[in-house]
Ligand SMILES: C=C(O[C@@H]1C=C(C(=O)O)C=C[C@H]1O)C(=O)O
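Shown here is one chain on its own, the form predicted on its own, set out as structure tokens.
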């Protein structure tokens, strides 16, 4: 009897490793790329249409004599960014979507009324440049200064420029906000980024200052310059839960200059902050409103 040799069958890959079946009706790559080209052309056409509307808008402003200063509108921009974040879905990262819209908004604003962005580089040039480029793109000129005081002075001399200064205490900055106290002095008009999240690629918190905005300002949070006598650790602890406060020494050993960001329409207002200071033995020598901005809009990534 002849012997027989059994050849084992080749091992089969597990079901999970198999490539997904291609539907019989799936379009080919050429069709999908044609769809992408169609969408790209449509988006470009919409940008051109948007520019034509902006051109008409500028003509109307000139005819009415209302074209002056910066075309920056903090309330509208904050509202637009919040809507974009709330409706976003899909695989495209939110950073990309936000960045695209920020460039569109800022560039068309620049087209309406050219402006430059002055930025304080003393606390870190790279982070400040990232913040400026993310929010205003590369078309808008960027001018660096070594100190917040230089930024405020440059904005004051300009017609419609913007300034970016850190929204936190900086040892070298001093009480730069006291230069905003005059009636016609620049004011804080925004706090960036508009949408905050832990992984923001340009997450440096900065105040945006400009000449006072009479049209399109947002006052969800008021910023107050306070000159305080008798400033102490107890007063600092008392204010912490009430408002975002930046404090630097001012004149006397027990004096301080504060920049207090106080939400509008809530349980805490300016009088609440002043009362808390008095209860801690401090007194306010002077208080001046130096601007306002949108409330901080925090985004948590969806699962």
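Note that the structure is a prediction, hence the values are computed from the model and not measured. Positions refer to the first chain, counted from 1.
FYI, the form predicted together with the named molecule isn't displayed, but the following is about it.
- Stretch-level contact analysis of 76-84, 134-142, 120-128, 184-192 against the named molecule in the predicted complex, using heavy atoms and a 4.5 Å limit, identifies 76-84.
- Here the marked residues 231, 273 and 277 all miss the named molecule in the predicted complex; none has a heavy atom within 4.5 angstroms.
- In terms of contact with the named molecule in the predicted complex, the residue from 167, 218, 105, 202 that brings a heavy atom within 4.5 Å is 105.
- A heavy atom within 4.5 Å of the named molecule in the predicted complex is found for exactly one of 56, 33, 237, 50: 50.
- In the predicted complex, the named molecule sits within 4.5 Å of a heavy atom belonging to residue 112.
- Taking non-hydrogen atoms only, residue 224 never approaches the named molecule to within 4.5 angstroms in the predicted complex.
- Of the heavy atoms in residue 72, some are within 4.5 Å of the named molecule in the predicted complex.
- Within this chain, residue 62 is remote from the site of the named molecule in the predicted complex, having no heavy atom within 4.5 Å.
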